[in-house]
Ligand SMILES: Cc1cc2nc3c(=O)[nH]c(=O)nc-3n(C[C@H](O)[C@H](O)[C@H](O)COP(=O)(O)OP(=O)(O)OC[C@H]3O[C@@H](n4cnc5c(N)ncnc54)[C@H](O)[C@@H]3O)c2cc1C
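Form predicted alone, single chain, as structure tokens, below.
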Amino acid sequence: MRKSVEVLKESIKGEVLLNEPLFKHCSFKIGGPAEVLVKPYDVYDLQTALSWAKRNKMPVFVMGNGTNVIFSDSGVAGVVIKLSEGFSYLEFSGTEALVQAGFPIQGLLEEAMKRGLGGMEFAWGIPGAVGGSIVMNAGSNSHFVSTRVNYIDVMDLNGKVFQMKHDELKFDYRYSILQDEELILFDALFNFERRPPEEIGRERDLNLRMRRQKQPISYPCAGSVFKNPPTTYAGRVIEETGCKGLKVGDAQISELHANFIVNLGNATAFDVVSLIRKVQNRVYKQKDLILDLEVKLVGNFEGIELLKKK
């Protein structure tokens, strides 16, 4: 394995790490090692890494900045590809922006504001990179990133590159077809609208202030844990069932926002998933409602079976 990894290292401009702890690469600060972690510099690097993984019969998981994932304590087998530092190109043309998947969503909004481009003010304060925000169709207050996406460029696991238009992505609440297809988003074209920078700035300040007041940003976490049910909010349901403040180990349902689980310091993935199951069970028992996960579990979580809608 080490000899083969050395071949990969010599073949790309990006970084290749063996048994790299994943807690260093996610906002929850939780997770065991990736068997191989690759940070590709460009599209060629990405194709090379995928080809190497295929030759070595290794599974592939692609991540951005790790703001919406829970990595298992045992880590992740195979190749974890992190699109962040390398895939950070941004170019504006009129009201459009071509941006790579690893570019921070907040950085995109800042650069757009400087040019008097708005229309995504709802996204101020949403963590993570552009790629993940599109895959998960991130949003706030019934507004979604998808409304500003014109097209994306993707790569399949064989290294083939092609383009997908907005309608092909089948966007829905916290969903895009990319969640069900073995495709890697590496850049996207966004459409903005002309707005005075000072107006955008005021909305930015308001949104960021509201997030600081309502969300536990001082602790490691992975954002909203559960999707909102059709007629209510997950946080409200969790609070109504008495789960606010509930703990397993160092994982706790936030006292500030009940749809956040925070890492008080030494939480494990097992702690977090056990707490998720406790909340699901209590909500199901009291409300006859199954809360669906918004965060993604990556790795081996055998031993804890979560509730899922049939």
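The numbering used is simple: start at 1 and walk along the sequence shown. Everything numeric here is computed off the predicted structure, so don't read it as measured data.
The same protein has a further form, the form predicted together with this ligand, not shown here; the description that follows concerns it.
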Exercise for the section: Given that the partner is absent here, state which listed stretch (107 to 115, 216 to 224, 163 to 171, 198 to 206) has heavy atoms within 4.5 Å of this ligand in the model of the complex. Expected result: 216 to 224
Problem - Touches this ligand in the model of the complex: Val262 (any heavy atom, 4.5 Å) - result: no
Exercise for the section: Report yes if any heavy atom of Val76 sits within 4.5 Å of a heavy atom of this ligand in the model of the complex; otherwise report no. Expected result: no
Exercise for the section: Report whether the minimum heavy atom distance between Gly119 and this ligand in the model of the complex is within 4.5 Å. Expected result: no
Problem - 4.5 Å heavy atom contact, Gly128 and this ligand in the model of the complex - result: yes
Fill in the blank from the handout: Heavy atom within 4.5 Å of this ligand in the model of the complex, from candidates Ile238, Leu185, Val99, Val80, belongs to Leu185
Problem - Interface residue in the model of the complex among Ile30, Ala49, Val69, Val272, criterion: non-hydrogen atom within 4.5 angstroms of this ligand - result: Val69
Exercise for the section: Indicate whether the candidate residues Phe61, Val135 and Ser140 are all in contact with this ligand in the model of the complex, with contact defined as any heavy atom within 4.5 Å. Expected result: yes
Fill in the blank from the handout: Taking this ligand in the model of the complex and a 4.5 Å non-hydrogen atom cutoff, the residues of 280 to 301 making contact are Glu294, Lys296
